[in-house]
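Given as structure tokens, the chain that follows is alone and in the form predicted on its own.
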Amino acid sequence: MDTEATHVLLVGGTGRFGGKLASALLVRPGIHLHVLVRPGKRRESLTGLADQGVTLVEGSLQDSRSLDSAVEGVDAVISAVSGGPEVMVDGQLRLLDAARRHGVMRFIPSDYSLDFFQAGAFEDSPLAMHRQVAEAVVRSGVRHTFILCGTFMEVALSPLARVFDLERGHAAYWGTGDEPFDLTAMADVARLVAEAVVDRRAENRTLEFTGDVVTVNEVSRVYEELRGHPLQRIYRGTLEDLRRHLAREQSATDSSRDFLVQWGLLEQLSGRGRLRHAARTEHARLHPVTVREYLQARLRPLGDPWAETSATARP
């Protein structure tokens, strides 16, 4: 084993955000990256990672024995999984137990969300899954870092959140349209995680990181400035109407991704879970992408209209 390198196991590294995390970790000097892959996953789809020197480890969050093998000899574990309680809670707790048994020196659970630590705020919300895992992490004694970033920019400004459909030129919103929410680009969050996992100053801390704070009306105005024509705005009801709508959906859904995204936005629009922003200057050197910059790249008239802004290209 390379005693000079910090060996980091990334779980969920083949997903959209996980792929950006893998890229950010690969360019950090002194890190040797391991990626957990499900048994039977087609190896040709992972050739790019293997070619970059990544160690591919077969395992599953449902199989404690495979997790023991995956974390053996690893210094840090980063989770980037998503899904319902069977993944976000049960699976991550198995991963945490394996990390504790094998003396892993840092554990970063899959948060990358709003502030779910606010007392009494989320008992009735699917976001309580994050707090349940965080409390178990603290009790375990494993050194850790929690990362809070609001909502991913690429998700909140996509049809997945059921607010903006920029391709069709409309926004269907709840509330007044003037409620602020926190957005951060995936690549920026990935760079912060890649720094934090080897930074002793981030040990046993909660890091807040925000690219921008906007409202539905502000995003609409930026769109209109860039495109030169109005964004059709469709009023869907009050925030309480949205809460009742999601409560009805919750009984019929299996914690689908778009449902969780909508619930997270509801919490932010309602003022719950907003980041304090007191620590934003701590990470200002990362120059996170703003919503205007993101939309300038995404809505540019030439080239790929859905190209994502890469924070790594910024000075």
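Bear in mind the structure is a predicted one, so any value in this text is a computation, not a measurement. Numbers follow the displayed sequence, beginning with 1.
There is another form of the same protein, the form predicted in complex with a small molecule; it is not shown, and what comes next is about it.
The partner is not drawn, yet in the predicted bound form one stretch among 98-106, 215-223, 163-171, 77-85 has residues with heavy atoms inside 4.5 Å of the small molecule: 77-85. Three-residue candidate spot R38, S110 and G150; every residue lies within 4.5 angstroms of the small molecule in the predicted bound form by at least one non-hydrogen atom. The small molecule is not drawn, but in the predicted bound form it has no heavy atom within 4.5 Å of S64.
With a 4.5 Å cutoff on heavy atoms, F17 counts as touching the small molecule in the predicted bound form.
Although the partner is absent here, H144 is not a contact residue: none of its heavy atoms lies within 4.5 angstroms of the small molecule in the predicted bound form. Within this chain, V155 lines the site of the small molecule in the predicted bound form, having a heavy atom no more than 4.5 Å away. Residue-level contacts in the predicted bound form: of S60, T55, T290, Q262, one residue has a heavy atom within 4.5 Å of the small molecule, and it is S60.
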